[in-house]
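Shown here is one chain on its own, the form predicted alone, set out as structure tokens.
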């Protein structure tokens, strides 16, 4: 049983004389834990909740149960040794770490990668966005008791992992974008197999619309829940779908164009209701957008040609002194690497800017107040976070 006196100042005064309208001595406060092993938690993290009845009065987040300390590890490794390390920072979406790290190193070293490699990187990043959105959509539905949707989305996500395996040989960690370019282009017949996969995803999304978005129970539980005020966006550094669902059109692909996105035809998807239902529906629309972008890329990208720049001996690679920041748009918002070099064979400093710290810590701890215990999992999933980004 938690000590009620600790929360004497937690509630704002309500009476004219400034005293609290709540009699703390007659109300019981209980501490409970949700996670780190829990289906309603995004990865291995934990929520320390103070509850009164079934209502959350305070929320504290705890991380560090999985991978941690990446930034300090990179300071003690050569540049090429950092490459297979960074993808572990966001396991369901590792490719953005590969791209951001490689791009910062290339900019500092003055390396220009071939045209085919630029297109290939764009393709991989959109494929990664698609798989991550599918995984998230299944988790969001499962948090509200609709596990069948998670079965469907994980099935089609697995089909997309087949396409990754064709390209790189890896399903989870592809490690296909080292500094200098990519390890290869698409194999023969890839476009046809990708098109078949995309059509299957589109068919499944029709069933998801019927089962999830037209479901009266899901609507009743998610509409109006987890509202993000547009005024919080800049205050908390909110990015990605969490910001766009609040009507703020933040998208790095448009705001700070990179790779081949300037040559692709798409608009930033936004909404205004800013609740869990709206954020989930916006991500559904993002899935369809990624499908369209992958098709555009496959039409335009070269299928042959150089895909790796001429590189020095990477085991004895010394990069000139400098610093740079490279950003990209992952499924959760702005993802960036700030890299500093001192002229040695090791990074002087690498700082990873992932959206999870803002969304899973500062934002979650505020939004959980007054939330029902049964809705905590759905609220957490709607913010879409990966804990290793926090304890990096």
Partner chain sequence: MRLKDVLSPFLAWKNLFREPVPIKDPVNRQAAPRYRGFHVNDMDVCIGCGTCESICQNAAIDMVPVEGIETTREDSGLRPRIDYGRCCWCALCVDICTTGSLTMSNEYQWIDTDPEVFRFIPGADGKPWDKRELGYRKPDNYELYNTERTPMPELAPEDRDKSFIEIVRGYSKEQAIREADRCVECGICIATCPAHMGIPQYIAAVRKNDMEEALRVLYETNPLPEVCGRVCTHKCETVCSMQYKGDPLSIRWLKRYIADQVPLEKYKEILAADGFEQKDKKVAVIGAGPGGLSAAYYLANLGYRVNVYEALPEPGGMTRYGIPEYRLPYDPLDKDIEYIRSLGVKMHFNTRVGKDITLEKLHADHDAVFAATGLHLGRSTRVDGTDHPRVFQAIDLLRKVTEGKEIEVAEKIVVIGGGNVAMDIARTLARLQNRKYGKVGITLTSLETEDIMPADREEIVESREEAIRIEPGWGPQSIEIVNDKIRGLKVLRCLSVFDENGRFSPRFDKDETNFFEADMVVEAIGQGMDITYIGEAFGKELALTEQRKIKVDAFCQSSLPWLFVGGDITGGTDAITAIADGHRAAKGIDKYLNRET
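Because the structure is predicted, anything quoted here is derived from the model rather than measured. Residue numbers count along the first chain shown, from 1.
This next part talks about the form predicted together with the partner chain, which is not shown.
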Which residue, 232, 261, 119, 307, has a heavy atom that falls within 4.5 Å of the partner chain in the model of the complex?
307
Here the chain is shown alone; which of 269, 298, 111, 85 has a heavy atom within 4.5 Å of the partner chain in the model of the complex?
85
Answer among 224-232, 279-287, 248-256, 152-160 for heavy atoms within 4.5 Å of the partner chain in the model of the complex: the stretch 152-160
Is residue 207 part of the interface with the partner chain in the model of the complex - any heavy atom within 4.5 Å?
yes
Proximity of residue 165 to the partner chain in the model of the complex, heavy atoms at 4.5 Å
yes
Exercise: residue 136 in contact with the partner chain in the model of the complex, heavy atom 4.5 Å:
no
Any non-hydrogen atom of residue 192 within 4.5 angstroms of the partner chain in the model of the complex
no
Counting only heavy atoms, which residues in 208-242 are within 4.5 Å of the partner chain in the model of the complex?
210, 211, 214, 215, 216, 219, 220
